[in-house]
Each structure stands twice: as structure tokens, then as C-alpha cells.
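We begin with a single chain expressed as C-alpha cells, specifically the form predicted alone.
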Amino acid sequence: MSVPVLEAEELCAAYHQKPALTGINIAVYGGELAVLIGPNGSGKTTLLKTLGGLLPRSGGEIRLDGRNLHEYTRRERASRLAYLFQDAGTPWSFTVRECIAQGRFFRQGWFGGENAGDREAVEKAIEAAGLDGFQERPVNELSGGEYQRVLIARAVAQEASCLLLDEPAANLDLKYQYRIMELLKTLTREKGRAVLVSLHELGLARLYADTIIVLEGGRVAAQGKPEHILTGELLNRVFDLPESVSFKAFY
């Protein structure tokens, strides 16, 4: 079997000095779209931030392309790993194109400039995210959903081998939820990228995931193919629904 693009082995992490992740073992391969699901507070965001090196681990290992994550320089990590925050904060008054082009910064350095490859990557990301005609608009004048698409386009333009996305479909109209998931699926199938994404929308997970990872209380409760994971018995337990409610109604 090929080496995973991203792998966690017995990963543990704490948040505000409280245990948040315990004994996480997952692997995401090139060409695979893996989806994290779980109730609020289950550890999805903490896991993504820890895998991305944004939060320290308290135990275990993280490997990126077969190498320990902490061995990479920041520039090396940026060439291989892209991360989309759930809450990106208030945008500055960059144009849409300028914001997306920031995904290419690690290839240019402080005194570098765009080359033809940079421009092509940015234009492809703009088209893929449905942002044609938005290029010169200031991002601080966009709606929340439009700005979300800009951030996704910036991560795509980075051309990293692995993408970590925290709720990328949040605040998007239904049309763009599917468009973004189609884009992520294309990145895995045609570009061979590894994608790990957290979702609340189980319908999207069922349609697009190659693998689903269920988190519960900072641990992996289950992982596998959608048809094996998205069952009423498992999800009713994990999401703690009343016995009178069937999870089938949600997907």
C-alpha cells in the first residue's frame, strides 16, 4: 500500500489545558476525500488544527508525506499543506484576486513576484470556485458565502498535496455547497490530492466522501466507507438523539 499523504498515530492534544484528542489513528491517501463528522465539541476543529501544526500535540505522531510534521520548515509545510479556518476573521480590503494570490506567496518569498505558473493557478482557482467577475471586488464588501468561496479558492491555488478544510460548506447557498464539494472531489480524482474536510451536512458526506471518520469525545468512534458509517444505529448514538428520532430523516 502507498504511503499516506497525512497520517496521525496515537495523536493526543489538549485545549486550554484540557484533553481534547486521545489516541487518534487516521490516514488520508492521495486521491482520497475523507470527511470528519461528529457533534459539536467532538474535536473536529481541534484535530484539523493539530494536523495542520496550528495547535501543539501532547502525544503521538503526525506524518506528512511520510515525514514527521515538525521536521518541516514553515515554507516546506506550506508547499504541501493548505488549511482553511472555520472562522477566518474580518477580511482586509484586498481584492478577490489579491486574496487568492496569497496562496502562492510561499513560492515567491518577500521579494518575489508572480510568474506564469502563479497566474495560471490563481485563474484556475477563481474559475473553479465560481468567482469569475469578482476578481477586482474588495473582499471586505463580499457576503459571508462569497468570502468563503474566496478562501477556498486561495487554498486551491496553493496547490498543496494535502488540504484540510474546516466546514467549507458553511454559509454557502445549496448550489455552492455542491459546487465546492465537486471541486474537492475533482482535486482528489484528477489531481491526486489528499483532502480531509469536516462537515455538518451528512447528505454531502454521503455523496462525496471516500472515507468517513466519526469523532466522539475527542476519539475516533468509527471510520470507513459511507455506506458502513452512515447508519441510524451508530449516528443516533453518537449524536445522542431521542429514541423517537431516526437519523435517516437527516440524510
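Numbering starts at 1 and runs along the sequence shown. Since the structure is predicted, the reported quantities are computational estimates derived from the model, not experimental observations.
Note that the form predicted in complex with a small molecule isn't included here; everything after this is about it.
Novice: Given that the small molecule is not shown alongside this chain, does residue 57 nevertheless sit within 4.5 Å of it in the predicted complex, heavy atom to heavy atom?
Specialist: It does not: once the small molecule is placed as it appears in the predicted complex, residue 57 has no heavy atom within 4.5 Å of it.
Novice: Report whether the minimum heavy atom distance between residue 30 and the small molecule in the predicted complex is within 4.5 Å.
Specialist: Residue 30 lies outside the contact set for the small molecule.
Novice: Is there a heavy atom of residue 68 no more than 4.5 Å from a heavy atom of the small molecule in the predicted complex?
Specialist: No, residue 68 sits far enough from the small molecule in the predicted complex that none of its heavy atoms falls within 4.5 Å.
Novice: Is residue 20 close to the small molecule in the predicted complex, meaning a heavy atom pair under 4.5 Å apart or at it?
Specialist: Taking the distances in the predicted complex, the answer for residue 20 is yes, it comes within 4.5 Å of the small molecule.
Novice: Quick one: which of 43-51, 187-195, 201-209, 60-68 gets within 4.5 Å of the small molecule in the predicted complex, going by heavy atoms?
Specialist: That would be 43-51.
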